[in-house]
Each structure stands twice: as C-alpha cells, then as structure tokens.
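One chain is shown next in structure tokens, namely the form predicted alone.
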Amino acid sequence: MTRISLGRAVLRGTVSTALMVSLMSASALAAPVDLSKWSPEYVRSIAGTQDFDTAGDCGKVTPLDYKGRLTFWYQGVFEGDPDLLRQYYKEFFETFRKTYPNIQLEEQALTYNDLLDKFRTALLGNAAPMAVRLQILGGTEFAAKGYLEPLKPEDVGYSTEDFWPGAMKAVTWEGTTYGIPTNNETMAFIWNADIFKRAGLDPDKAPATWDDVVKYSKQIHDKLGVAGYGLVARKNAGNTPYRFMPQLWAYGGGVFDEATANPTYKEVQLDSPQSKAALQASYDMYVRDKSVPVSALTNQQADNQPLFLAGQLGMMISHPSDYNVMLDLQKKTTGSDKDKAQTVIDNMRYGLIPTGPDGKRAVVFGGSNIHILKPEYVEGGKVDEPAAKAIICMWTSPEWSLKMAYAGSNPGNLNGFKTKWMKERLDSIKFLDVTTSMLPYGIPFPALPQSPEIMNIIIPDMLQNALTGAMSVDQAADDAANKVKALMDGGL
C-alpha cells in the first residue's frame, strides 16, 4: 500500500468531512423513519401511511405567484432508462410550470457522462446555470472550488433528518452543507435462470462470491458460447466504477479506506494484495477465460441490456429498472424474437451482490444532489434564488423525490418511503425490494474533490491497462496507486 503525505486535499479538511459507511448513525434517531429497522418488511409497513401537499409545502418557501426566471441543468433520461422514467420527468416539468406559472424555466438535460465536463467548461466561462443537479460524485469538487452557495434542507422547508445521514455527508464540505440529496441508489445482481440451468448451474441461486462469478462466467461461456458476466470497463463512464468498486471492496481493497466505518483517506490501497485480487478477477474473466463481452472496454450498462434480452449474457449488475427496460425493449421486437425476449424476462432473477472471500458484501451508495450556484459563475451574473428554491423544494419533496426515482432508485427524502406512490411501486416493480435491501451495504465514493478523476479516469485506466495487456495486473494496480498519490499531492 502507498501511504500518502498530507497532500493539499487533506490539509483543506478532507479528514473532517470523511463519509461514514453506516446508515444507522445517531442522527437517524430523529429521522421520520426508523433506519435501525430497515428491511424489505419494514419498508412495506410504512409505505402509503402519510399524505403530503407538495404545492402547499413549496408555496411556503417560494410563493406560488412568484415571478422570476431560472436556468437549470440536470442529468436527463438516457437510452438505458425505462419509458416509465421518461414519463415522470415529463410530468415533473409540466407540474412545475403549472404550479409556478410565472417562473420562466429554461432547463437542459445532459447525459451522465457529459454533465461534469460541460459543467466545468461553463464554470470557467462564467456561463453556468443558476441551479444544477449533479451525480453524487461531483458535488465535493465544485464545493471545494467555491462555486456553490451554501444550501441545506431547512432552506427549502425540510429538515436535515429527512435525508439519509450518509447522503448528507456527501453534500458537506468543511462543515458547510452545499446541496440536498434528490435520490439514493443501490443496485443488485441480475442473472438469467434459464442460462444457469442450461450451463449446469443452480437456476435459483446467485453466485455467493465474486470467485463464483468468475467460475460461473467461464462455465456459461464454455458450455453455451455466450458471455457469462457483463463486465463494464469504459473510460469516463459512471457505469465502470459503479460495477468494479463493489468487487474491489468485497475483496477487501479500496482506493483509500473508504469501506471502513471511519475513513481517513490517508493511505492509498489500490496497490494492496486485496485490490490486486479484485483486478485479477476481472483479468481472469476478460483475458484468461474470454467469458465476458469482448467489447467490455467500450461498453456501458446500456450495451449489456440488449445482450441480456437476447439471451447472450448470463449475469450483470444493475437497477430494478432493468426489468422495466427489458419490457420496453421487448415491445420493439417482432416475430420469434418477441417470444425469445419473453423467455429471458420470465427467467430474470435478482439477488444480493456477491461477497468477497471473507464474506464482505458491498455496493456503491450512489445518487444525485441538487445545488445553487454563486452569481459570479452564472451567465448574466445573477441567480434568482427564490426560483431556484422553488424547483429544489419540489424535486426533493416526498412526492417527487420518489416519483423521479420511481423505477430505478430510492427517494432522497425519507418521507418518500411513506407515500402512496411508494406502496404502488413496491406492488408494481418487480425486484424493487432486492435493491432496497442492498442499502445497508452501501459505500459512498470518497467525499473528495479528486473523486471524479479517480473514479471516472484512474480506475477505468487501471482496468484497461490490465485487460489490454499494456501492463500486468501488479503493474496496473501500482500505476493507479501512484496516480492517486500524485493527484492527492497536487500533481496530475
């Protein structure tokens, strides 16, 4: 392992803002739901138990007859999302315009992979939007650089305890809160039971460990000639760290010590034997066994979905929404392809993400946060703060934080779990309870300004260096550790 010096990031207060893994912190005692009882049964017991008046609540923050103008960027629906999510995004903006008819809203949707880079460019030209919804990975970078206004749930009518404790730590930098979580997500392990059966595997059991994933992937490929596991290694794509980091953490590795309860981020662990074991597992599947898609180096999860629906992929990691995506994709097929797709859908199974050799289970605690920009970085030099708070109040409300995460995530506002729409989605979205069950295993990415560079560039580079043979597994892991150390020391 590589011990880093007290680089500039640490001196700026990284340690003081370290994210804790546990969702069951003391502050959860004041939360509107009891996180200590978290289970699929508990979630079902609270769903549909409370009504909320979104327009009435937000009208107390920004009067409904307020006249103003707002520019707003957000991560939009992309090709891999289900049609249900498109419907709710459309309804949200229609409802906002109806609720606040005198606010001139100019919204722009960007893809996950484009949003951070375009936002950075806009900031450099003082042409940013007044408000922005960013992936959880991005906020710390912009808060540390001074681009964001302080913003906490109380500013839009809610309390801090209405949101996941871990998620709130992701919008805190040097003791100041600069954003509000909109949604929190964890994923699950998905497999095709029919492929398992034909490959001689138990169709009703997910692989217990990541070593099993490697073994199952090879067995599926050798016996059936289809890809076993949907490995994703695309550079500068969020899909890559969201699928590799659970594997890295399960083997006991990490970028730092982010998988511990009280991380300090003082020691780089990408070159540890545990991290190298995780990288070796990916190498074994891609290079040694050739049991994953050959296009994994450029694939993102959207590329795995049609492969899975066509019965050409045995296992993958994704959201509950992938079940709905499969239904949407099936509607576009014709003839015998439609029947084949139905067979795959009937054989979709969801389970917990496998553990490492020591029984560790992990998943990325992901999601998005919403922020207000400082006027000097916004086009025209002015921010309409009441208009920004109006849309933030609505998006983070129990109603819309649930609806905007309907098929693929969890509401950032804990009260969302108590709405009638939560009960409806539990009854209508298959496997939702499995991904919700992964929340206690969630590990946030390090709350560091350098995290986007580490997760979107250095981690995929490490994978690609090993999988293409440009470096050995040891060399690729050592190289990545050195890059993180240089980044933390102010280099790169």
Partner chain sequence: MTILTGKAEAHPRLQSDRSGVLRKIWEHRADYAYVLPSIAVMLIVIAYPIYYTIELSFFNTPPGLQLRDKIFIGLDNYTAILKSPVFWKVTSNTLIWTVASTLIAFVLGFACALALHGEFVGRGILRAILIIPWVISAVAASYIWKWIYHSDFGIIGAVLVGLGWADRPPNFIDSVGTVLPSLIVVNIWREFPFAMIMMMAGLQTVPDQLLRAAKVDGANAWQRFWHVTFPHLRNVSTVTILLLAVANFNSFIIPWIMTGGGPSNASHIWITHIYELAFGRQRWGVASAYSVLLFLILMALGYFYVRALSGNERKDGSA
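Residue numbers count along the first chain shown, from 1. Keep in mind the model is a prediction, meaning the values are calculated, not measured.
There is another form of this protein, the form predicted in complex with the partner chain, and it is not shown here; the text below is about that form.
Only one of 66-74, 33-41, 453-461, 432-440 places residue heavy atoms within 4.5 angstroms of the partner chain in the predicted bound form, namely 453-461. Heavy atoms of F256 never reach within 4.5 Å of the partner chain in the predicted bound form, leaving it off the interface. In the predicted bound form, L124 approaches the partner chain with a heavy atom inside 4.5 Å. Among heavy atoms of P449, some come within 4.5 Å of the partner chain in the predicted bound form. At a distance threshold of 4.5 angstroms between non-hydrogen atoms, N299 is in contact with the partner chain in the predicted bound form. Exactly one listed residue, out of P293, G351, G311, P165, brings a non-hydrogen atom to within 4.5 Å of the partner chain in the predicted bound form: P293. Checking K197, K340, K382, K145 for any heavy atom within 4.5 Å of the partner chain in the predicted bound form turns up a single hit: K145. Against the partner chain in the predicted bound form, the set R120, Y286 and P306 is in full contact: each member has a heavy atom within 4.5 Å. Using a 4.5 Å cut-off on any heavy atom, the residues of 464-490 that reach the partner chain in the predicted bound form are, in sequence order, Q464, N465, T468, A470, L487, G490.
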